[in-house]
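The chain below stands alone and is given as structure tokens, in the form predicted alone.
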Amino acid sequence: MIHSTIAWIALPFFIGFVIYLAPKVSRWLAVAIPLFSASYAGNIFLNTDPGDALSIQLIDTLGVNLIVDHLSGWFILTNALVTLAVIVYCWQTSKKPFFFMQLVILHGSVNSAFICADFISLYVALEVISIAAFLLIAYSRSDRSIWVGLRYLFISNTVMLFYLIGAVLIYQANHSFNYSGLLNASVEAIALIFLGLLGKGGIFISGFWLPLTHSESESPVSAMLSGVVVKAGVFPMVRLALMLEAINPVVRLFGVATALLGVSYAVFAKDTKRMLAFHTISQLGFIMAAPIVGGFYALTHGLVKAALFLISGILPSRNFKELKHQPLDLKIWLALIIASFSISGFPLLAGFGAKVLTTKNLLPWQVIAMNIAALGTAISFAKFIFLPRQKLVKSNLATKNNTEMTTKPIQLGFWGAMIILLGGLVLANGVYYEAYTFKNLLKPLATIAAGWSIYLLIVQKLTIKLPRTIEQFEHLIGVMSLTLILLFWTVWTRIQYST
């Protein structure tokens, strides 16, 4: 499996450059890569036990260290399905070979981050991700997209500079860049490493760059960013939490704080893509709150959020207030409902099993806060669920004409992407079929019912507009300093407590 792993890592970068030599088959070359990744992830699950891991050391002790296990498999499968759906979605569009080349390179670099086990290899993978993501964000070449892309690139490079300093300090303490060296490193090194990963992953207050970046990008790019790219920053923290017992409480703490912060903004968001972006922050918190099941939760979130961002791109408006007066095509509304039900934890979809698994693996001090976050999720997605839909039979020609003016044309690739993403949610529902007990069914259904009631009776009548000051570029840089102080204090107190 070592040789197949090396080939799997290298192939996306090779194919990415080959696309330029054979632009007429760029789509076919691009679609082969996520299919190969999906088969590789399947091989992990079929040929390894849950507790087993394949360790690969390249060059020497100072070289590249890789770990392939079931945790990696969940994230790799997420990357494969989301990338495949985005390529299918863009199949009939006017996207040029350059777009598909960057998709493939982004896919490969994200995969690399999911199997890294040393801080320098991870640094290289995350930096390549930044460049590929920037080129996709700025693909339309409008002034707005270029500014948003440069903003993302600058913030990403700044936090990774802190990360690199932390990696040097870890090497100074251990003469190795391996993840395990974090336990023997200084408090400063741990804080700097986590600052880089929190900023890269869009976690807690370091994630306020995320709403503007995700909401202003094209829908397929937003689907990639939210579905897989931010998980490249979250995955190492989940890995560290499982490897190092002393780090686990820190990761869980930031998971809870992130889940609450993101959902509090999502509840009051008036823009569809901004709501989805804030909710991405919240759902990343769920992944970190219970690291042992974070991989399965990452899969369900990636599929849902990619589907929702793609759907948002064909809605007649991004404003929830305007959408209430424009009935949606029934087929689009059904796709919206399936995705919203899954992320809310409704039975018969993978989100239900992921929510139940996460709840069962929470520590006692996390339970109340995460239940509040789950309630906020139900409130947030009630905005989609209670949007008006068209009737099966249109009453007259005027209604039909009005529909044609307000509904964006839907290409066949959209439905292909929905089959991949929503079909994945249905199939993944069988991963944890043990969740279907009366007790497990009662709590999510009660939470959803309470969330819908709060939305209908209270939230939809409110006109609260949360300030965007903290999202401004200069304040984002200042937040890094505050985050570093918070990290230093958190890590120091945890180490003092454990000793």
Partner chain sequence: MLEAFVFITVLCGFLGIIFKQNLLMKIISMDIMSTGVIGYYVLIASRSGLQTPIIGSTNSDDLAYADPVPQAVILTAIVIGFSIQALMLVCAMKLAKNNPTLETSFIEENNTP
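Source: prediction; values computed, not measured. Numbering follows the first chain given and starts at 1.
Below: the form predicted in complex with its partner chain, not depicted.
Listed stretches are 66-74, 468-476, 454-462, 428-436; the contact stretch with its partner chain in the model of the complex is 468-476, by a heavy atom cutoff of 4.5 Å.
Just one of N184, N361, N157, Q411 comes within 4.5 Å of its partner chain in the model of the complex, counting any heavy atom, and that one is N157. Of the residues given (I419, I292, L334, V124), V124 alone sits with a heavy atom within 4.5 Å of its partner chain in the model of the complex. Contact check for H175: a non-hydrogen atom falls within 4.5 Å of its partner chain in the model of the complex.
In the model of the complex, its partner chain lies farther than 4.5 Å from every heavy atom of L242. Using a 4.5 angstroms threshold between heavy atoms, F162 counts as touching its partner chain in the model of the complex. Though the partner is left out of this view, W147 does reach within 4.5 Å of its partner chain in the model of the complex, counting heavy atoms only. For the marked spot (F134, Y171 and L212), a heavy atom within 4.5 Å of its partner chain in the model of the complex is present in each of the three residues.
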